[in-house]
Ligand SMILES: Cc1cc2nc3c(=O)[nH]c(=O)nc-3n(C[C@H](O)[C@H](O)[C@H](O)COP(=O)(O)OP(=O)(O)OC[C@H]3O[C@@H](n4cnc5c(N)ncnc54)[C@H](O)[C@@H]3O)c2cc1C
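This document starts with one chain, in the form predicted on its own, laid out as structure tokens.
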Amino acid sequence: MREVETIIVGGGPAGSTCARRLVQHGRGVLVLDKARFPRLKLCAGWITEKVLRDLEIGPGDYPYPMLRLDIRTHVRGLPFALRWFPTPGENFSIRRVEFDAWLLARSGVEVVQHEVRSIRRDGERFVIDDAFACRWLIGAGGTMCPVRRGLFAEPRQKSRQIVTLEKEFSYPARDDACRLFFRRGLVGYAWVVPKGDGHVNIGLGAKAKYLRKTGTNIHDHFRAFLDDLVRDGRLDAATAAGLHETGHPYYLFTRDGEVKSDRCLLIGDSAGLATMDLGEGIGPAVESGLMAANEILGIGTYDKSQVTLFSLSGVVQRLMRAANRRHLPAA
């Protein structure tokens, strides 16, 4: 049996950030992930200057395209787009297939491709599949993290669940602006996010409870959104017809729910930390990874309420709430 001080289940931004901090302090750490990196990860891929600072990524460090975003917001009924800045400073887009693999490699941590199936306590240790053991266990495996499923019995709040559909593909004819759309009947928003090397991510996300409440199908929303993009000349009809979207759920931040149990910590999407307004997850994932590492090192405490809760400024938050109230379907 392989034994190490800390095992991190999941090699995404939360897990790799935690691993890097521990490796920098000379601690024993191992990452387990069922995927082989680089792996496809659908995501709008929005990062901020704060994310870059937290990750200690300086100018010229990142070897892949990182596109500076010019963000425009479209609200139904307004004949023009609103230009605004969600957070102080610059905003960028990355491709997760590149970003995650680079972060994990940069961390210097040993990575073992392994799908976690069982976790049990054995005195002071956590034992994984009778093959790995550790004193500290970090769940960084996303919404369906096996650490959360195995060791945290409390159910998630369905009211905080977000469901998304999206597709990322090469489309050199894309608009260079990042566009967010508030659509009728969708308590959430849709997006077109340009990325480097001519790629684009098109998608939408909504609160699952409103889709259930109204009996609407998110796939219908996605196809209608594509139709609108074609009508407005932002996407050609042939490309739209050939797109096959993929969905995944995740959870917005809530103060309820445990993310720590003895020496087991949940970080990133396994802890449900996406920002409460735009549902942005990379920033909170990185912050939680750093806090978890600091707790293991004895130089800090992991407190999920200290992660960034909102992506937007106060003014833009009010505009967004007004847009969603306007477009909320009648009960």
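For clarity, every value in this text was computed on a predicted model and none was experimentally measured. Quick note: we count residues from 1 along the sequence shown, nothing fancier.
This protein has a second form, the form predicted in complex with the ligand, left out of what is shown; the following refers to that one.
When contacts are judged by a 4.5 Å heavy atom cut-off, R160 does not count as touching the ligand in the model of the complex. Contact annotation: E166 falls within 4.5 Å of the ligand in the model of the complex, judged by heavy atom distances. The ligand in the model of the complex is not approached by R76, whose heavy atoms all lie more than 4.5 angstroms from it. Under a 4.5 angstroms non-hydrogen atom cutoff, the ligand in the model of the complex has I267 among its neighbouring residues. Here is the short version: of R27, R263, R39, R53, the single residue with a heavy atom within 4.5 Å of the ligand in the model of the complex is R39. The contact residue chosen from G257, G142, G188, G150 relative to the ligand in the model of the complex is G142, the criterion being a non-hydrogen atom within 4.5 angstroms.
In plain terms, the part of the chain that comes close to the ligand in the model of the complex, with a heavy atom within 4.5 Å, is 93-101 out of 93-101, 150-158, 223-231, 207-215.
Interface residues of 10-44, taken as those with a heavy atom within 4.5 Å of the ligand in the model of the complex (partner not displayed): G10, G11, G12, P13, A14, G15, L32, D33, K34, A35, F37, R39, K41, L42, C43, A44, in sequence order.
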